[in-house]
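Heads up, the chain below is alone and in the form predicted alone; it's given as structure tokens.
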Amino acid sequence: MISTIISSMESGLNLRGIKKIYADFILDISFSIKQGEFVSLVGPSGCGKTTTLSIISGLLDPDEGKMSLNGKDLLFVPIWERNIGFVFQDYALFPNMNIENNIGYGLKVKKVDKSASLARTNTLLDIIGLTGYNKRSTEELSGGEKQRVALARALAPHPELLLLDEPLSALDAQLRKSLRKEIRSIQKDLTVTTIYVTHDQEEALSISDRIIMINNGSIEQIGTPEDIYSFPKTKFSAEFFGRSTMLPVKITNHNSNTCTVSHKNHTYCTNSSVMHYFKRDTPVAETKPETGHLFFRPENAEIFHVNELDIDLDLERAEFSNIFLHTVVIETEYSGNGYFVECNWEGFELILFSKIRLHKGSVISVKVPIVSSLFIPD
């Protein structure tokens, strides 16, 4: 029983206090990934995503920290003994080998006999939809086919962990969508623990069990795609994933479910887990006003023309059932299924969504339900 509990606690990948120090950049991260989980690393260029993969794989040595995979210490294990599959952005296939030999390369290194290696190669060719391609040259393949072969080569030795470093960035948008579904399907079938690096926010949201956001060498937020998108914990998180409105405000009051925020002469109530930022037993009177931002997504706001709004705005605001903002349309951008609307409210930008085109200069009123807004502290 005890051994089962210990094994469960140690399964998956664990990084604790991992640091890589350069003259102009420091990576300092800690996170855990459960066995069989699909996790995406996201963040701007140069934030430390590829450095993290390189440390995990053994291509780079960290300056500090601990790292284990399924209970085994990885720090002093050579690359070839870590049992980690790596898919690179540029495929990195061997041009002098045919497809069969490319996929079976890792098995050859592990001295797997030829019949077992061929059987594994054929199984993977079936899985990636390239049955019968054994003897083809890599030069005969399209970009999408090369990436599938690179994936099969990484999976061939039955890795405990699969690392993918922006594997689809060189492909066109339609092929990216198709291949990312295939990668996710294969990962689920094989239940291999996977870390997927991407710049594409939509990609990360659509295929991940969880997302780890990295910014300037540090972890900004970890959560499910739904949490990351709807409940960002920082201004960076809110702005990185999709469009959003961020209005500067300060807290004037709060309880366990909501908080009251103000901007100049305006007061609003927002659905904020303020207890994330204050101790649960801290009396409101002892809480210092905190500055931050009132956040909501474009699709969470309902747009009215002012002359069509037949409800008592002051009463609604007093009851804190909705947030109301009067604003002016600056410009619109067609998105295929509607329009993103940029507005000006007291010198600040609002990003809204409308099914119909609104003309520049239109005066509108915006209603945002409390449950669709959030206070994010500075």
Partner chain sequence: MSFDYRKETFRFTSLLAYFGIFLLVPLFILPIFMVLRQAFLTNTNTFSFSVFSTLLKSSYIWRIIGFTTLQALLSTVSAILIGLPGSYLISQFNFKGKFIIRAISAVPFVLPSIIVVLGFVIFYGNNGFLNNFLMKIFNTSEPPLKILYSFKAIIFAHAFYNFPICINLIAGYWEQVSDNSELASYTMGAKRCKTFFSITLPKIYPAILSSAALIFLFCFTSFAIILVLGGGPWFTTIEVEIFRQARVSFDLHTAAGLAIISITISSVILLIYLVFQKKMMRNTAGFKRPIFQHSTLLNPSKITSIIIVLYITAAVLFVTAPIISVIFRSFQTQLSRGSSALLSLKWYKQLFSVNQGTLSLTAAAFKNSLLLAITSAAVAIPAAIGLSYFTISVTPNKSYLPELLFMLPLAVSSVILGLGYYLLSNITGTMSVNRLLIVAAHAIITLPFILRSVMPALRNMRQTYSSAALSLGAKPVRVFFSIELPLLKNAIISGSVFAVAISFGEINATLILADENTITIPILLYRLIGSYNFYAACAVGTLLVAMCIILFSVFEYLREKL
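Predicted model, so just to flag it, every value in this text is computed and none were measured. Numbering follows the first chain given and starts at 1.
Beyond what is shown, the protein has a form predicted in complex with its partner chain; the following relates to that form.
- Only one of 94 to 102, 186 to 194, 236 to 244, 214 to 222 places residue heavy atoms within 4.5 angstroms of its partner chain in the predicted complex, namely 94 to 102.
- Taking the partner from elsewhere, residue 154 is found to have a heavy atom lying within 4.5 Å of its partner chain in the predicted complex.
- Using a 4.5 angstroms threshold between heavy atoms, residue 86 counts as touching its partner chain in the predicted complex.
- When contacts are judged by a 4.5 Å heavy atom cut-off, residue 109 counts as touching its partner chain in the predicted complex.
- In the predicted complex, at least one heavy atom of residue 90 sits within 4.5 Å of a heavy atom of its partner chain.
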